[in-house]
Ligand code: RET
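In structure tokens, one chain follows: the form predicted alone.
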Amino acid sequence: MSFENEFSYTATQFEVVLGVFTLTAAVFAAVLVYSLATSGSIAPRYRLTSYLTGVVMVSAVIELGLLAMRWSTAFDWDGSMYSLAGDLFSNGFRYMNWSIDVPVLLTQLLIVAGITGAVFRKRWAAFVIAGLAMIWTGYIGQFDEINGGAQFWLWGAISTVFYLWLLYVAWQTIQDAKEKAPAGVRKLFQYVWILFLVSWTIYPLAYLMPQISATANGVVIRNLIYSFADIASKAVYGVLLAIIAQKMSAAAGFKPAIEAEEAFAEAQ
């Protein structure tokens, strides 16, 4: 049982969590529109990244919708607090969503980095195996998050090992991309690495929150962390990869990308 079900909430706490779900879903919807609207200015070689961003955004909006509905039905207002009265709230929706999004997000990185052939297949397999293993072992561990017993810490540690493997392969990919990218794009790949490192590394804070602050405020903070990390690792990441893909397309002489770059320069 998720530790969210252990507490009652003030109107403010309840509305903040519900508002965070709504805001995050709205950001994902906006990025979905952006990715589809700008896909035409990206060369066919890189365009798949925009469509994959769309897949991630649709998946994430559905997940946030389910979370919001479960949050709303799990607790009822008793005149002074929101208390558990209906279906249990579950963070399992997040893990199922990540099972879709993580392999897709990492595939996008390989595409924009220009990795092809046997190296692409090898790294894609590493990304999928490490990513899914990281998610599913963490999912097993969170079933013991209320007690904070051996299962919680053991599976959390195993999940971290897979994350470090995933991080290493991402670093390799970004280093390769920087070597091949035009001078003006190398800095953007460095931003991708920083974004990846920061946004993916704060997820464990949310995982550990039941042990850090087993309170209603801890629940609020946990969901703020999850939402910040989701927006950074999915929405901001998707937009940044689209910008890189457009610049790479322009450098390769793709006319719509050149026109888009010129239009952006004029707007500034």
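We number the residues from 1 along the sequence you see. Since the structure is predicted, the reported quantities are computational estimates derived from the model, not experimental observations.
This next part talks about the form predicted in complex with this ligand, which is not shown.
- This chain lacks the partner; the member of F189, F127, Y163, Y82 within 4.5 angstroms of this ligand in the predicted complex by a non-hydrogen atom is Y163.
- Between 132-140, 108-116, 68-76, 176-184, the stretch whose residues reach within 4.5 angstroms of this ligand in the predicted complex through a non-hydrogen atom is 132-140.
- Heavy atoms of F120 never reach within 4.5 Å of this ligand in the predicted complex, leaving it off the interface.
- This ligand in the predicted complex is approached by W200, whose closest heavy atom lies within 4.5 angstroms of it.
- In the predicted complex, at least one heavy atom of S233 sits within 4.5 Å of a heavy atom of this ligand.
- By the criterion of a heavy atom within 4.5 Å, N97 is counted among the residues contacting this ligand in the predicted complex.
- Not one of N5, G92 and V219 is positioned with any heavy atom within 4.5 Å of this ligand in the predicted complex.
- Heavy atoms closer than or equal to 4.5 Å to this ligand in the predicted complex belong, across 142-160, to the residues G156, S159, T160, ordered by sequence position.
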